[in-house]
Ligand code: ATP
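Let's start with one chain on its own, the form predicted alone, as structure tokens.
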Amino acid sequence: MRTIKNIAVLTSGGDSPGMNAGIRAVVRTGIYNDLNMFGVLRGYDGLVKGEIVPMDAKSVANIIQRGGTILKTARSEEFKTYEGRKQAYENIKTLGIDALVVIGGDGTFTGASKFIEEFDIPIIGMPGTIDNDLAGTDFTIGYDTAINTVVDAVDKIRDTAESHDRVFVIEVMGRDSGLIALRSGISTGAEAVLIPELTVDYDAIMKRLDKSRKNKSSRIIIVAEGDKEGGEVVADKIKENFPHYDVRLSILGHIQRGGRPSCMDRVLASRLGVASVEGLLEGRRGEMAGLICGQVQFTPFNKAIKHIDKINENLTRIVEILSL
């Protein structure tokens, strides 16, 4: 088994609350095990350009409560090429770096898999994405904070909706996954939730809106941005069917990515950060550390990145039952 003495950590893809807690856990676990720790700035782009800095316990102090990522993140077209990955390999070998911990989503793990295949570098991944769309973990780092941000925003919007007797269509993030929309829809009492995994039955939605109109002073429809038609089209369809309704569209956008991570995300990131370093020391590679039924589990990258396209039907049924 290869001896590991120097580990670098990077964040890649979209930022998510809890990434800093993960960086902190990786660095401090490495130091606890007498390892030399490094941070890569701007993800794979920094790996290619050699933006790699030493990290100690002090460098990750007072960051567990901060959103975003202190290491920054960026897209890297160069890393998608063999030449770019070769340059990245040469940069880490120059510094004597033996292994990597990468925090991100499917794109991050796809790049890591290619890097392992070509240059035999041990890499462990941590699931950092607000979409919660990776297999091999019950929750991803940032998901809990994101849905709580949505819930807080929708609660505020409902105050206005009730005051003015309005229908609000609220678009949330989730290009390929409707899990943010579905869970926040249940927790905010939405009349309907539209997600990319399911075909939209507009007739059923319109009947539901018409049936409950006399009993409610507001309507909330939550739409995942990845839905085939998006929030604007949904709002227009409601206006066409109910021209007498006061319909408004609210797109929450990037506020869902920011903010202080929740307790759940801080603990999750901390547990997976410790597990990632310990996994590398045990000889693991090409796997993502995740949490399943409360226990840390490792899942190969090629299985983790398979998008979860089967939605829990019980959750969609709950939306319909409780929308009366």
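Remember, predicted model here, so these are calculated numbers, not experimental data. Don't overthink the numbering: it's just position in the shown sequence, from 1.
The form predicted in complex with the named molecule exists for this protein as well; it is not shown, and the discussion that follows is about that form.
Notebook entry, point to check: Residues in which of 100-108, 138-146, 241-249, 184-192 have heavy atoms within 4.5 Å of the named molecule in the predicted bound form?
Noted result: Only one stretch qualifies here: 100-108.
Checklist line | Contacting member of Ile116, Leu198, Ala204, Ala74, with respect to the named molecule in the predicted bound form [4.5 Å, heavy atom] | finding: Partner contact (heavy atom, 4.5 Å) among the options: Ala74.
Next item on the list: Indicate whether Arg85 is a 4.5 Å heavy atom neighbour of the named molecule in the predicted bound form.
Entry: It does: once the named molecule is placed as it appears in the predicted bound form, Arg85 has a heavy atom within 4.5 Å of it.
Notebook entry, point to check: Looking at the partner-bound form in the predicted bound form, is Ser177 within 4.5 Å of the named molecule by any heavy atom?
Noted result: Close contact is absent here: in the predicted bound form, Ser177 is far from the named molecule, nothing within 4.5 Å, heavy atoms only.
Margin query: Using a 4.5 angstroms cut-off on non-hydrogen atoms, would Phe79 count as touching the named molecule in the predicted bound form?
Written below: Phe79: yes, in contact with the named molecule in the predicted bound form.
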